[in-house]
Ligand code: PMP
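The data below hold one chain only, encoded as structure tokens and taken in the form predicted on its own.
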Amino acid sequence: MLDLKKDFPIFGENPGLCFLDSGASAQKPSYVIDFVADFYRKTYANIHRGVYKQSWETTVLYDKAREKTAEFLGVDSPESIIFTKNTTESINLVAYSFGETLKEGDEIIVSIMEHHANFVPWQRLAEKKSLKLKIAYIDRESLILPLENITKLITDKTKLIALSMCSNVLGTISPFVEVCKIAEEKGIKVLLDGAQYMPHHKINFKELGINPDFVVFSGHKLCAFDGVGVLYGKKEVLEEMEPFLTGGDMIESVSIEKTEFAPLPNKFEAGTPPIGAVISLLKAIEYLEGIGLDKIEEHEKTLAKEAIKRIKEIEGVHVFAPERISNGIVSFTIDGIHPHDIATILAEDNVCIRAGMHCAEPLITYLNQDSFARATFYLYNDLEDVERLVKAVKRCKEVFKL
């Protein structure tokens, strides 16, 4: 078992904190915080603009973050890594820019388990351009997304499959590798939402033998600062797309008559970027790789399996998770207690979980629920946190006299 609480200052500053909401945003280790704080004290300047020492050193760090992110994903072209604000902005960039190439009657496939960020942009685009949005459903019993539920929707009009690699509600891993291989054979673009996958699983697209057209994720979920998201896109696809925003640093030249855009990646990074957040991503990836993503995955699985086993033993508790646990997501309900009340009572015991629809209303509705309580384990959690969760769930029933 990993023993990493000491690496995260929030636990030292908040004795007794049982933080089980990393699916929303992860805590930050001293390795990241201290480096970025030191950077702001000693080095900070804007990038790509100055020839003085601080600007040059900041630019080197910023560019190193791009190279490290490409290496982290197992892709060959750092210039195909675009820094955005978060996963949501990355998806909207693709919907706005790539979406302009779609025509009336074209089809987009998404799954029922998508986060709103990977559902609403395609829904709106479909309404705007008279496209057809098709939904691939999971199996209600196993909570798995069968590959055939996606492939049976594919026609010669399918232009894009937008798919979460991992459900933020259920922890279900989608068949994204197989989807990418099938889509490539048929000339269909694929966007993979890795927001809930990247922080918890080792990934190398080159080793998997796939090269998705688009991959998106957020830094804040993998121990970097909030404010930085990632969009990877195939170089040839990004070069054909129009820029999402215009302004400084994405310009090659401007005249009264015409503007020429800068080459990748600058073409999609208008204005001063979130420099400190991008550098925090560099350090966060270093930190996670130093521990080992494979070790993090196994650690989370161990905790989630124990938590599911223990709370299932409590009468009236229902867990919504696939049989094959591959991460730390544990969503549950308690008969007679609304999830918001569950979260409120747990908070009184300093056990921090999330409750609601988790930005996945179509999925929650499909499962005939109105909301879930969700505990998410990460690398800094331990078996004591599992015990705290179990005790707090039992206390919920006592409070409601159930």
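Residue positions are given as counts along the sequence shown, with the first one as 1. Bear in mind that the values here come from a model prediction, so they are computed numbers and not experimental data.
Same protein, other form: the form predicted together with the named molecule, not shown, and the subject of what follows.
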Using a 4.5 Å heavy atom cut-off, are 88, 115 and 220 all in contact with the named molecule in the predicted complex? yes
Check whether residue 172 has any heavy atom within 4.5 Å of a heavy atom of the named molecule in the predicted complex, and answer yes or no. no
Is it the case that residue 166, even though its partner is missing from this view, gets within 4.5 Å of the named molecule in the predicted complex, heavy atoms only? yes
Going by a heavy atom distance of 4.5 Å, is residue 195 a contact of the named molecule in the predicted complex? yes
Candidate stretches 158 to 166, 235 to 243, 289 to 297, 255 to 263 - the one whose heavy atoms come within 4.5 Å of the named molecule in the predicted complex: 158 to 166
